[in-house]
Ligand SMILES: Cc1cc2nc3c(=O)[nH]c(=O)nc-3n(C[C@H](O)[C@H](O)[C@H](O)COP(=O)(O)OP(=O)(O)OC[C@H]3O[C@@H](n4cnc5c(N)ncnc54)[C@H](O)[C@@H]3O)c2cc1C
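Only one chain is shown below, in structure tokens, and it's the form predicted on its own.
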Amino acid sequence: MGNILIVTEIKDGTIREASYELAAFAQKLGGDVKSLVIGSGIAGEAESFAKKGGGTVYVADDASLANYNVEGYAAAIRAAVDASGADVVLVSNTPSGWDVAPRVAAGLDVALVSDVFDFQDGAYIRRVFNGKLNARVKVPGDKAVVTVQPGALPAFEGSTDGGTESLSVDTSGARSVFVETKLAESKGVDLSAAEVIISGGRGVGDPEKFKEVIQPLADVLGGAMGASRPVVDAGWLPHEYQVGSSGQVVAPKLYVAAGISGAIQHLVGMKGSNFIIAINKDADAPIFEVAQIGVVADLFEIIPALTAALQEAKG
């Protein structure tokens, strides 16, 4: 593998965990690793990333790049590719990654490989048909823009002898400008960063039961509440709570699935969790196939009892 460029993401002034996972993926590819940090006032974050898997980090630090804009970010990535001679550009498979990666690939006239979770024998591995099959993708000439599924690998651990270089980016020709970000009100822990997720399905019964049964267990464990696609489709919870191939792909230390049968698109989103507990009255539910512990029982008996026991243990 030739030169590799990691494109980091920043959230609330800090490089996201998914970017450190890209550093681990880059090590798996085995090429010369360089990185790009885009934003405003981000020199400190760039220096930190250089020591934690980023290698040489190009710093595109400009007020015009303080907020995500596809034209500005694409220009920064292109400038970093020119500076680094990168053959492979790694981007997190997140909303901004989905947006900018195709534009960069088209501009470079190279292949785009999306939603990758592994690399084996010179091929990128990605899931197709809602996770029913894995595809092995090889690209001509090894040049590609690759989006990597968050949670596919543990974050890079260790240190690298990297430094930073300032990168000049011309955004004067951009035809769009950032206006504002509107965020839906969301309580609890970000699913992509949560170490514990308690998810409910249609078996929970109605929206109020999520507040009464699922959320208290998530709270006592210091985790986040999630949901299956039918719950979101029914309007019981907003889309940001959805776990699955059409929602968020997660890999927490503990995942509890309550009243979730285990449709393939949901399994794709959570089966990378370190430890899975499934609670369902149907002993034949597919969710039990990926669970380390399966409880065939009424969730309305098990979860409140578990929540009460944990609360008592905490005093």
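The numbering used is simple: start at 1 and walk along the sequence shown. Computed from a predicted model, the values in this text were never measured in an experiment. Throughout, rigid core stands for the largest set of C-alpha atoms superposing within 1.5 Å between the two forms.
Just so it is clear, the following notes concern the form predicted together with the named molecule, a form of the same protein that is not shown.
> Name the single residue among G162, G151, G223, G203 that comes within 4.5 Å of the named molecule in the model of the complex, judging by heavy atoms.
The residue from G162, G151, G223, G203 that makes the contact is G203.
> Could you check which residue among I277, L29, L65, A263 gets a heavy atom within 4.5 Å of the named molecule in the model of the complex?
After the contact test, the surviving option is A263.
> Would S96 count as touching the named molecule in the model of the complex under a 4.5 Å heavy atom rule?
No, S96 stays farther than 4.5 Å from the named molecule in the model of the complex.
> In the model of the complex, does F300 have a heavy atom within 4.5 Å of the named molecule?
Flag for F300 set to yes.
> Is G247 one of the residues lying within 4.5 Å of the named molecule in the model of the complex, judged by heavy atom distances?
Answer yes; at least one heavy atom of G247 falls within 4.5 Å of the named molecule in the model of the complex.
> Does the 4.5 Å heavy atom contact test between R103 and the named molecule in the model of the complex come out positive?
Result no; R103 lies far from the named molecule in the model of the complex.
> Select, from the options 143-151, 82-90, 213-221, 235-243, the stretch whose residues sit within 4.5 angstroms of the named molecule in the model of the complex by heavy atom distance.
It is the stretch 235-243.
> Rigid core aligned, does the Cα position of D12 differ by 2 Å or more between this form and the one not shown?
No, shifts by less than 2 Å.
> Taking the rigid core as reference, does the Cα of R202 move 2 Å or more between this form and the one not shown?
The answer is yes; the displacement is at least 2 Å.
> Using a rigid core alignment, state whether the CA of V268 is displaced by 2 Å or more between this form and the one not shown.
Moves: yes, 2 Å or greater.
> Did H239 and R103 drift closer or farther in the model of the complex, going by a CA distance change of 3 angstroms or more?
H239 and R103 sit farther apart in the model of the complex.
> Assuming the CA distance changes by 3 angstroms or more, are V148 and Q265 closer together or farther apart in the model of the complex compared with the shown structure?
Closer together, which means the C-alphas of V148 and Q265 are at least 3 Å nearer in the model of the complex.
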